[in-house]
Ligand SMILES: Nc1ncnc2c1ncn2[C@@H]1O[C@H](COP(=O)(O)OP(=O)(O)OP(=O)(O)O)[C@@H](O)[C@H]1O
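Just the one chain here, the form predicted alone, laid out as structure tokens.
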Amino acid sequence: MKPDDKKIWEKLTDSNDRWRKKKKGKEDYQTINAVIDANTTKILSNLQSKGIIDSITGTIASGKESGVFLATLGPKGKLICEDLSIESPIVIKVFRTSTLNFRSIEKYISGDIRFKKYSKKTRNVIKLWVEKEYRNLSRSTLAGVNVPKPILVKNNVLLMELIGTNGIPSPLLRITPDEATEIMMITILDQIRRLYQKADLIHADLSPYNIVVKESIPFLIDMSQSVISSHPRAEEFLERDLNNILFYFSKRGVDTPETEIIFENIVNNSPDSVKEIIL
């Protein structure tokens, strides 16, 4: 855990109750360490007091959009996760409340019939963005796509399953060159196909940076931007996802099929598997 993260977490058990004041001052919305602001601290404190989480034990990643933390479950959290077949520790994803760029994400929200009306106020957009990832993960899980199972969402905080072994997060595809095989490529393409055909979703930002590999099984992560197939730019996003994946494997010496062939197989709901097409 980073020193700043530890200091923030210690505040959750502090005896002072400055979060209870009725009027919020500027300090309540000032982002601490660019990820956890006062409002987020209050949410985490509430999750702890309810017994859903016990403690944050480390930082997994910190990106331009969010910070990802490792956390142990509290008594209530264990009961919730037992029903979901999720073990402790879990992942807490905290979306940044001060640096999320509305213009960069608006193209993934506008045109999605699930979100026809939405406020463009910053905090409302962030809340919607997090809710969108929760719903996309839920939808993908039900469709049998390899993604982290979502647990719950609260404002800019998302709790979900950790993809890892013995509490250690699994690595990203981009840092596991030994996994750049034809079998892995086919498996990922089949996941893209299942995501589209069974969950009616396109990831829309898929790359080796958004795929985690556990025991040679790929899991798709970071799905806030994922859109349904009726989105006006759905086919553009699907083609981009395919190009990103095929380019990555091609650069590593894997024989790759033409994007158009896989694209047609997916959107036309072909009964042939990706493996059958390639081989």
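Heads up: residue numbers just count along the shown sequence, starting at 1. Note that the coordinates shown come from a computational prediction; the quantities given were computed from them, not determined experimentally.
Only in words, not in the display: the form predicted together with the ligand, which the text now covers.
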Considering Ile109, Ala71, Leu162, Cys81, which brings a non-hydrogen atom within 4.5 Å of the ligand in the model of the complex?
Leu162
Between the options Leu128, Leu172, Ala180, Ala143, which residue brings a heavy atom to within 4.5 Å of the ligand in the model of the complex?
Leu172
4.5 Å heavy atom contact with the ligand in the model of the complex for all of Ser66, Val91 and Pro148
yes
Should Ile60 be classed as touching the ligand in the model of the complex when contacts are defined as heavy atoms within 4.5 Å?
yes
In the model of the complex, is there a heavy atom of the ligand that lies within 4.5 Å of any heavy atom of Phe115, even though the partner is absent here?
no
Can you work out whether Ala234 and the ligand are in contact in the model of the complex, taking contact to mean some heavy atom pair no more than 4.5 Å apart?
no
Considering non-hydrogen atoms and a 4.5 Å limit, does the ligand approach Asp222 in the model of the complex?
yes
Can you check 246 to 254, 226 to 234, 207 to 215, 45 to 53 and let me know which stretch has heavy atoms within 4.5 Å of the ligand in the model of the complex?
207 to 215
